[in-house]
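Just the one chain here, the form predicted on its own, laid out as structure tokens.
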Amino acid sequence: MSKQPMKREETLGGTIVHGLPFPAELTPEALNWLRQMLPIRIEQDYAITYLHSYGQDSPWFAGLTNKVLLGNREPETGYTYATPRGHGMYDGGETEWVELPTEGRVHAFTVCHFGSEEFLPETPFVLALIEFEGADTLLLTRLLGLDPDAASLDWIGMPVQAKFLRNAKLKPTDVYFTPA
């Protein structure tokens, strides 16, 4: 026969309650008051382990980790995508991986004064569409090394160079561009 503990061990942390109103005596009036009590609401952190698969885009992230920029090409037409795409836009056929140059030009840009929670501390920042020699589509990426408060149409067409995070995070932000 295993002996169960007589008392549940308590730990610090989590939700700790102080001063929650409750009647000192459970009279009929007190029980009526409890029926009308506002709901207790708590706010707490919630964490979940999420298994995410990059599926057919996995080679693109492997490329970024190894400081190589990959795109996809439709074998029949030669149409080349600057972002990972496993199948062609028009015929649905499987694409092939190709190495893209690490140099490009700014096609368009915007200054972001607001961003998701991850990027909010970095605002304002420059988000740019980069065009590459031999690619038919553009790559949306961060553009660093320029003052967002001095944005200029002169940036359109500016030569830029890909830079990669030293320690890849397996995110699209593992690559960014700076003026060449």
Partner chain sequence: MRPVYAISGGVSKFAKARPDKTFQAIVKEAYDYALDDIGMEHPQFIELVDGSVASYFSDHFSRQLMAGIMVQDYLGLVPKPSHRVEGGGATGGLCFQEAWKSVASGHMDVCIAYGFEQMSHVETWKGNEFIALASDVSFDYPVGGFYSGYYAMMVTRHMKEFGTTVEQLAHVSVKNYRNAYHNPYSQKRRRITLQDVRNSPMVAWPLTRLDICVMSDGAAATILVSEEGLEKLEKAGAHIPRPLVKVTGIGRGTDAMRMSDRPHVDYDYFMQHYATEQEKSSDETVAYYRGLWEHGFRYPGVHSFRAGRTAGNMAYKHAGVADPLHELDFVELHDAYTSSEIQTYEDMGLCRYGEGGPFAASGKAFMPGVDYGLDLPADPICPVNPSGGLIACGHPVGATGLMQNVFAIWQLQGTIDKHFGDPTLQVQNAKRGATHSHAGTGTYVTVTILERAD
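All of these numbers come straight from a predicted model, not from anything done at the bench. Positions refer to the first chain, counted from 1. Just so we're on the same page, rigid core means the largest C-alpha set that superposes within 1.5 Å between forms.
Keep in mind that the form predicted together with the partner chain is missing from the display, and what follows is about it.
The partner chain is not shown here, but in the predicted complex it comes within 4.5 Å of a heavy atom of Thr137.
Interface membership of Leu129, defined by any non-hydrogen atom within 4.5 Å of the partner chain in the predicted complex, is confirmed. Interface membership of Arg85, defined by any non-hydrogen atom within 4.5 Å of the partner chain in the predicted complex, is confirmed.
Val98 falls outside the set of residues with a heavy atom inside 4.5 Å of the partner chain in the predicted complex. When you look in the predicted complex, the only residue of Asp154, Glu29, Asp147, Glu133 with a non-hydrogen atom within 4.5 Å of the partner chain is Asp154. Shown without its partner, the chain has Pro39, Arg41, Gln44, Asp45, Tyr46, His52, Tyr54, Asp57, Trp60 in segment 32-60 as residues with a non-hydrogen atom within 4.5 angstroms of the partner chain in the predicted complex. The Cα position of Asn66 differs by less than 2 Å between the shown form and the other one after fitting on the rigid core. With the core held fixed, Thr123 shows a CA shift below 2 Å between the shown form and the other one. Relative to the superposed rigid core, the position of the CA of Ala150 differs between the shown form and the other one by less than 2 Å.
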